[in-house]
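Next comes just one chain, in C-alpha cells: the form predicted on its own.
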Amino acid sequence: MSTFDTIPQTKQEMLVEILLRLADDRLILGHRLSEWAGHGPELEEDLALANVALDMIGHASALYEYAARLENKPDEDHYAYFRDDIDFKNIALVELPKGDFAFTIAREFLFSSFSYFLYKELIETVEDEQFNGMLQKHFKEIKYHLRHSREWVLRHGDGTEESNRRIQDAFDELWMYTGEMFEMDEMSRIAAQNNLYVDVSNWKQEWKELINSTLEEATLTVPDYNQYMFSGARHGRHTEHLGFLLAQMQFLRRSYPDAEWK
C-alpha cells in the first residue's frame, strides 16, 4: 500500500508531502543524468550534464533535509536510501531509462520548462520562509537547465536528418508522460489553498506556448496533447524502471547502513 493513501491533515504534513514530491523528481532525474558521466557526446557536454545532475541532486538534498527536520528523521538519507519504490512520489517522466542523448535533452527540456513556471509561481506564493528561500536559490539554476536544454533541442531539430529524427522520436516517446506534471490531486489542491503549492493549470497554456514555439523553431512536429497520458506515479504506481534504478542507487547504503564517511 502506498504511503499516500490518506490526505495529510496539517499544514506541516502537507509541506512535507510537497517537499518530497519536488525532491523525488529531482533526485531520480539527477541520477539518470549522472549516468552520462564519462559518456557525453563531447567533453563540454559531458561536464554540462554532470553539473545539471549535481544541481538536481543538490536541490533534492536540501528539500529532503528540511523534510527530515519537520518529521524528526535522522537525516535526508532516510528518504533517498531507505524507502521502497512504492513510497517514492516522483512522476514517471524522470524515471525512464536515460536513452540516447536526444532523449536526455528532450526530457530535460520538458521537465525544466515545467519547473521554470512552477518555481516562478511558488516563489510568489509560498509563505514558509525556509522553503521559499530554497525555491529562490534553486530557481537560478533551473533557468540555466532550461536554457541549456532548449539550445540543444534547436541544434538537434535544425541539424542533420538523423539528429532531427532522434529528437522527434524522443518527444513522441516522452509525450505520454507530460500530462502527469499537470495533475492536481486533492492533496495538491488543499496545499495550494494553504499557500504551500500552486494550481498548475494557471500557467499550463504558457508552458504549451513555450513548447510549441521551441519545437516549431527546431522544425519539429508538436505531438498531440490529447493523446493517452500516463498517471499514478505520485501515488506509487511507477513504471518497472524505478525499481531497477533504486536497486542500483540504494545498494551500498542499505548494505552498510551504519557506515560513516571518514
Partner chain sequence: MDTQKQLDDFQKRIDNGETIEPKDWMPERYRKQLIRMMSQHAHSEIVGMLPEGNWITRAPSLKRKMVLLAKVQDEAGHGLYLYSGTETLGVRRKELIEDYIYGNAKYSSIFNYPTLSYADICVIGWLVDGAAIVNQTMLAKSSYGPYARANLRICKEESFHKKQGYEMLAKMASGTAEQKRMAQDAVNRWWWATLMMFGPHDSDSPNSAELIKWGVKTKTNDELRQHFVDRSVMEAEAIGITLPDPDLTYNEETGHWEFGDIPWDEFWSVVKGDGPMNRERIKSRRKAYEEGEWVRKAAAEYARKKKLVKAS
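Not measured: the values here are computed from a predicted model. Positions refer to the first chain, counted from 1.
Keep in mind that the form predicted together with the partner chain is missing from the display, and what follows is about it.
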In the predicted complex, Glu76 touching the partner chain (heavy atom, 4.5 Å): yes
Trp203, heavy atom within 4.5 angstroms of the partner chain in the predicted complex: no
Asp158: touches the partner chain in the predicted complex, heavy atom cutoff 4.5 angstroms: yes
Heavy atom of Leu27 within 4.5 Å of the partner chain in the predicted complex: yes
Contact segment among 222-230, 40-48, 194-202, 207-215, judged by heavy atoms lying within 4.5 Å of the partner chain in the predicted complex: 40-48
Residues in 230-258 close to the partner chain in the predicted complex, defined by a heavy atom within 4.5 Å, in order: Gln248, Met249, Phe251, Leu252, Arg253, Tyr256, Asp258
